[in-house]
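Only one chain is shown below, in structure tokens, and it's the form predicted alone.
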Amino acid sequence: MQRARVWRNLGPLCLAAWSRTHSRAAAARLDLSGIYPPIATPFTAGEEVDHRKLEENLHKYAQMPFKGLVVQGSNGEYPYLTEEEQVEVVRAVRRALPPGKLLMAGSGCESTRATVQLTEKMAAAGADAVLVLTPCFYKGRMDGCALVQHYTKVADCSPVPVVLYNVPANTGLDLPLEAVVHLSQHPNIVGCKDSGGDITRIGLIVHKTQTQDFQVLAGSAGFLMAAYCVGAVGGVCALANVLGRELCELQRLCWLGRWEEARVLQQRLIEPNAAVTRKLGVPALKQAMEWFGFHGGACRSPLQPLTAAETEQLRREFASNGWL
């Protein structure tokens, strides 16, 4: 009865999408295990999306053992792209992505209605799954009940599997553990990306969803090994844009149980990862990409380039750990 009310509220397009989703749920679940770079968006001097440089980056990433790519995440500067640009970038990545590689596209918006609509567009553009950020503008009202209703409606309507996206550093909001456990029972919600860095929470999510076919992805390279230790299946890591092979090697070592080698590698990744995420952000990620042979370039305004002092700080974080 409750689901019927949801369907009536969301209309016939949503009903059609649910029909496709329901059929898909009966098939094998999407395997998310592996490493994904949340790719950066190169811009021209006039701040237009630079599709030529994007394709060149994609060609280089195709040579690495990634499970797939995440498009329109925070490192892609998705809040600064129009919806048309967001969808076109996903379409371009789909065309360039080798067979067998997964494409996960960000489709989270502030309203449930807009998220449903963008999710449909991302699926039509070629996304294999969507990564849905928690709505946060009215964070004071985004309790577990509101978020469960939001994600349930999106997953009911989505023609592709849904991955929950928890990034409290950006949203100021933690998707409650109880909400994640509840949502793990939905046939079209296949996992979550957790960027909070709380290993206890990640371990509890794995533990409390073990009766479901639910997969947890670490949201940062800084705690990737620890996440594997408590049952995560992979990671969506900004640093993979720069040190992709090294993160895939860390994954391999963890999967093989070669924990001492994994520990040494993980420790060398912590400071560079912090520099391109919480310390200096996307401008630092793009600068580091340039040093390692990728197209990073400038960010779209109002993000500003690094200062000379910040650039030197970034270089030290990589050099002191043997990467430069």
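The structure displayed is predicted, hence computed values, not measured ones. All residue numbers are counted from 1 along the displayed sequence.
Missing here is the form predicted in complex with another copy of the chain; even so, the following discussion is about that form.
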Worksheet item: Among 94, 186, 113, 121, which has at least one heavy atom within 4.5 Å of another copy of the chain in the predicted bound form?
Response: 113
Worksheet item: Which residue, 215, 241, 166, 74, has a heavy atom that falls within 4.5 Å of another copy of the chain in the predicted bound form?
Response: 74
Discussion item. Residue-level contact is defined here as any heavy atom of the residue lying within 4.5 Å of another copy of the chain in the predicted bound form; does residue 48 satisfy this criterion?
Written reply: yes
Worksheet item: Does at least one non-hydrogen atom of residue 291 fall within 4.5 angstroms of another copy of the chain in the predicted bound form?
Response: no
Worksheet item: Closest heavy atom of residue 225 to another copy of the chain in the predicted bound form, within 4.5 Å or not?
Response: yes
Practice prompt. Decide whether residue 315 counts as a contact residue for another copy of the chain in the predicted bound form under a heavy atom distance cut-off of 4.5 Å.
Written response: no
Worksheet item: Residues in which of 233-241, 86-94, 155-163, 131-139 have heavy atoms within 4.5 Å of another copy of the chain in the predicted bound form?
Response: 131-139
Discussion item. With the distance limit set at 4.5 angstroms and only heavy atoms considered, check whether 54, 59 and 182 all reach another copy of the chain in the predicted bound form.
Written reply: no
Worksheet item: Who in 289-324 is close to another copy of the chain in the predicted bound form, meaning a heavy atom within 4.5 Å?
Response: 300, 301, 302, 303, 304, 305, 306, 307, 310, 321
